[in-house]
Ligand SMILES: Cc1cc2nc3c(=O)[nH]c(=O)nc-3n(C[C@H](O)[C@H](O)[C@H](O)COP(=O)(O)OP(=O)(O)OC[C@H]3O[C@@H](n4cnc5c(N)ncnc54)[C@H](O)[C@@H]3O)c2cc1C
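Have a look below at one chain only, the form predicted alone, in C-alpha cells format.
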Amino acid sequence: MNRRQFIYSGLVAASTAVVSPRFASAQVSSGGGRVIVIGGGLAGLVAAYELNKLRYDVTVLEAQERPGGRVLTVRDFGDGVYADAGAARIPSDHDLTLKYVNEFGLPLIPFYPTQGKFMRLANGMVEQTDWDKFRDATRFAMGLGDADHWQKIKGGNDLLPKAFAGRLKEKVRYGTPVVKIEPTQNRVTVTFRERDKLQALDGDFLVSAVPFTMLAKMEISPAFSAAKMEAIRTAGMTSASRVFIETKRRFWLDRGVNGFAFGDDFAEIWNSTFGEPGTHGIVQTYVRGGYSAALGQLSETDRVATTVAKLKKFFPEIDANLVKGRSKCWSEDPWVLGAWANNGSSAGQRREANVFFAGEHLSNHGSWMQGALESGLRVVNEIKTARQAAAA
C-alpha cells in the first residue's frame, strides 16, 4: 500500500467527522471581526471565501503574483495547450473539491482515456496493454482503481483557485510575503513586504495557510508553544518533479496508443493534452522522492534531454516532433521547498492564541486539493467557535 492509499483508507472517516461540506451554507447575523490569511493557496482561499460569506473582514496576503500555490497550470506552450504542474487529478470521492468545482460552474473532463492502448515496461521492454495491466504497473507509485475515478478541470486545474480569488477580488493582495507574526491573546499583528516596503496589518484572527517550511522562515514574536515550534522546525516536504515535452502533433495516436505509460524511475507518463483541442501535444513525466531529487540536481537543459531519452522507449518519434521542454521541480520552488507534507499532528493543527493553521499538511488528505480545502474549512469552524465563545 502506497503513502496516499494509506492516508486515505485509514483516515477518511476522520475527515468526514472534522469538516462537513454543508458548512459553507452557514450564516451569522453580524460581522465577526478582521481575519488575516497568510497564503493564497486553496487552504487560505477557501478559508477567506467562507469567512467572507460570514461577513468577516478578510485580507489574504499572498507572496506570489498568482493564486493557487501548488495548483499550477503551465500555459506557455504553443497552440494554446497547457499542462498541470501541481495538483492534476481529482478523485470522484473528493467531495469538497467537487463541491467547489460545481459551485463555480467549472466543467470536468476525464483524466484518463478509455480508448487506445496504455504502455508499460515489462522486463525492460515496452508493452502495449489495457487499463488493468497499466494500473497494476503503477501501483508502486499510485493506486489508481478504475479509470473513471479520475477527472480534471477543463481548461486547467488552476481555474479553481482563480475562481476563489475572483470572488474575493481586492481582498487578495499579491506580492506580499510575510516576514513577522506578533500574536497576543486577543489580537495579532502581521508585518509583510509590499513593493519593497514593510507594512503592518492588525487583525482579530490570523490564518496561517502556508507550508511549515515557509512559516519557519518568519519571525514569530512571542514564539508559539514549544510543541508548535518543534512541529514547524521539523516539518519536511516530499520531492516531486514534472517534465513537460511539447510536440508538434500527437503522433502517438497514429499507433493506436493513448499517450499514457509507466516508465523508468517509477515515472508516471501522461498525455497532458488528452481531452484538449489543438494539434500540439504535451507528454508529461511525474517522478517522486529520490528520483525527483536526482532530477533536480540537473540543469534545465539536461532535465529535458534526460527525459526525452527515456521517453524514446515509448515514443521513438519524439525527436522528429520535439518543440520544446521545460520542468517544474517543487523542491526548488522558493515559496514551498517541496511538493507535499504530512504533518497532521494535533500539535501542528492546534491554534496558538488567535492564530489558526491550515494546509494540506494539516489534513487527512495530504498532497491533495481535498486536503487543503478540508483544512481551510476546519479553520473556519474553529474561528467561528472562538468568536462565539468570546461573545458569550
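We number the residues from 1 along the sequence you see. Here the structure is a predicted model, which means the values were calculated and not measured.
Form predicted in complex with the named molecule: not shown, discussed below.
Shown without its partner, this chain lists 313, 89, 133, 171 as candidates; in the predicted complex, only 89 has a non-hydrogen atom within 4.5 angstroms of the named molecule. Note on contacts: among 282, 240, 257, 101, the single residue with a heavy atom within 4.5 Å of the named molecule in the predicted complex is 240. Annotation: in the predicted complex, residues 39, 70 and 214 each come within 4.5 Å of the named molecule through at least one heavy atom.
Residues of just one listed stretch (51-59, 362-370, 348-356, 319-327) have heavy atoms within 4.5 Å of the named molecule in the predicted complex: 362-370. Interface membership of residue 251, defined by any non-hydrogen atom within 4.5 Å of the named molecule in the predicted complex, is ruled out. Using a 4.5 Å cutoff between non-hydrogen atoms, residue 137 does not count as a contact of the named molecule in the predicted complex. Residue contact check for residue 218: one or more of its heavy atoms lie within 4.5 Å of the named molecule in the predicted complex. When contacts are judged by a 4.5 Å heavy atom cut-off, residue 274 does not count as touching the named molecule in the predicted complex. Counting a residue when any of its non-hydrogen atoms is within 4.5 Å of the named molecule in the predicted complex, the hits in 169-186 run 176, 177, 178.
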